[in-house]
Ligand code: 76R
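Form predicted on its own, single chain, as structure tokens, below.
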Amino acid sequence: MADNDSVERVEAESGWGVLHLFYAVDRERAAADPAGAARVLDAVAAFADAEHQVLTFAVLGHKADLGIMALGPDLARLQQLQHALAAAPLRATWSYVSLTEGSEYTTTEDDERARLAAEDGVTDSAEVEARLAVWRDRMAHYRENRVHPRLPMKKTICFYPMSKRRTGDDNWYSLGFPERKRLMGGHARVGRGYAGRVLQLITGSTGLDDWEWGVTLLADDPGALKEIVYEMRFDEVSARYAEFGPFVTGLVLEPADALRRVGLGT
């Protein structure tokens, strides 16, 4: 990988770059290049630092052999990783580009104040302020995890892109913001039911790739990946307004272990 200090950083004003890369092992090149695995390991090691993270996974099924998810603030660094991997005995099968982002439908302080009064019957100003202080801390943590996530080493990963429909009566973008926010609130409640079981990272790709969002799910229990997607499909946001791209699922492993699993390395 090239000297990172020699390349000008490219950063979004808000959000980190996210790059999903999928490869098939080129068996002929691998047989002729005993240093092939080392090329991948060196590229991954050169990329990862205090700001930039990478997950490697052995893909289940025949869409790819190896998956790499890389993220961090510097898009130039992401491109350097992609370029360095091109020297390894790998054949690219797919890729996806997106940015971490907050949600425009996040509950506001006024929303929470109204909920406290309507649902909890809390109207005393002192108690309202105490509840809001806790809520502000929780929301700050939520926003930080959305925009600057630290990804855990769960056992399994699933990635898929998605968009909202724009056809006839199912045109998401013809709905007013209050209705979209109401619908997304119900959608989010389903996701919160999997807290602790599934880590969900929703990244934006409008104008960057073929779909509007990328969805990365991480879980120790592969069944939880299936359950959360299945349950969400009954929610109106998915059932009526969502279009889904291909799903890729894999086993998250340390880089050397992932390479051995796919037949690259010893």
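Predicted model, so just to flag it, every value in this text is computed and none were measured. Numbers follow the displayed sequence, beginning with 1.
Below, we turn to the form predicted in complex with the named molecule, even though it does not appear here.
None of 27-35, 50-58, 232-240, 65-73 except one has non-hydrogen atoms within 4.5 angstroms of the named molecule in the model of the complex; the exception is 232-240. Heavy atoms of no residue among Thr156, Ala219 and Val248 are located within 4.5 Å of the named molecule in the model of the complex. Taking the partner from elsewhere, Ser103 is found to have a heavy atom lying within 4.5 Å of the named molecule in the model of the complex. Although the partner is absent from this view, Leu116 stays clear of the named molecule in the model of the complex, with no non-hydrogen atom inside 4.5 angstroms. By the criterion of a heavy atom within 4.5 Å, Trp94 is excluded from the residues contacting the named molecule in the model of the complex. In the model of the complex, none of the heavy atoms of Trp211 sits within 4.5 Å of a heavy atom of the named molecule. The partner is absent here, but in the model of the complex a heavy atom of Met184, alone among Leu175, Leu132, Met184, Ala84, sits within 4.5 Å of the named molecule. Taking a 4.5 Å heavy atom cutoff to the named molecule in the model of the complex, the contact residue among Val122, Leu151, Leu99, Met162 is Met162.
Along 169-206, residues Trp172, Met184, His187, Ala188, Gly191, Arg192, Gln200, Ile202 each place a heavy atom within 4.5 Å of the named molecule in the model of the complex.
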